[in-house]
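First, one chain by itself in structure tokens, the form predicted alone.
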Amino acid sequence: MTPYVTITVNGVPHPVAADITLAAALLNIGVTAFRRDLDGLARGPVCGMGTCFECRVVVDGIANVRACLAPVRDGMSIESSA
């Protein structure tokens, strides 16, 4: 049985698997647009390994966290700009 943790995404709590990256968790709960570019277009994970910077979100008030590199942990608060 996979253990779960609770993360809060844009003010809404979600149970997610405890052993995955934040990007995987966000995609699993249906979040595909992690941020907006300068033209207002939605952006999401592209490379999945921290090279492209498209998966940046705000985690616990810290901006520009690459979700594909951050493991989930119980109580995380995530804000997307999408």
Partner chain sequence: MVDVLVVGAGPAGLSAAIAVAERGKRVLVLDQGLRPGGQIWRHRQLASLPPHARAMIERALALGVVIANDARVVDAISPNELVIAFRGRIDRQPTRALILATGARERLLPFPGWTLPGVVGVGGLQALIKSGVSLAGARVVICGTGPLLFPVAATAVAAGADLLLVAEQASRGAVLGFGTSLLAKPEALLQAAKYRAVFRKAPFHTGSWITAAEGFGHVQRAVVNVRGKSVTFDCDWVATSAGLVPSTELAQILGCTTVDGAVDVDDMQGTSVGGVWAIGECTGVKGDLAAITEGEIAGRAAVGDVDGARAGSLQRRRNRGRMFGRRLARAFAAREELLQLATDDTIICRCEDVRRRDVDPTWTQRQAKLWTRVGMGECQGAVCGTACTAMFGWAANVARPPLGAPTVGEWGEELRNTAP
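Predicted model only: the values in this text are computed from it and were never measured. Positions refer to the first chain, counted from 1.
We do not show the form predicted together with the partner chain, though everything after this point is about it.
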Residue-level contact is defined here as any heavy atom of the residue lying within 4.5 Å of the partner chain in the predicted complex; does residue 66 satisfy this criterion?
yes
Decide whether residue 12 counts as a contact residue for the partner chain in the predicted complex under a heavy atom distance cut-off of 4.5 Å.
no
Using heavy atoms and a 4.5 Å limit, would one call residue 60 a contact residue for the partner chain in the predicted complex?
no
Applying a 4.5 Å heavy atom distance criterion, does residue 74 contact the partner chain in the predicted complex?
no
When the partner chain is considered in the predicted complex, the residues of 25-48 having a heavy atom within 4.5 Å of it are 27, 28, 32, 35, 37, 38, 39, 42, 43, 44, 45, 46, 47, 48
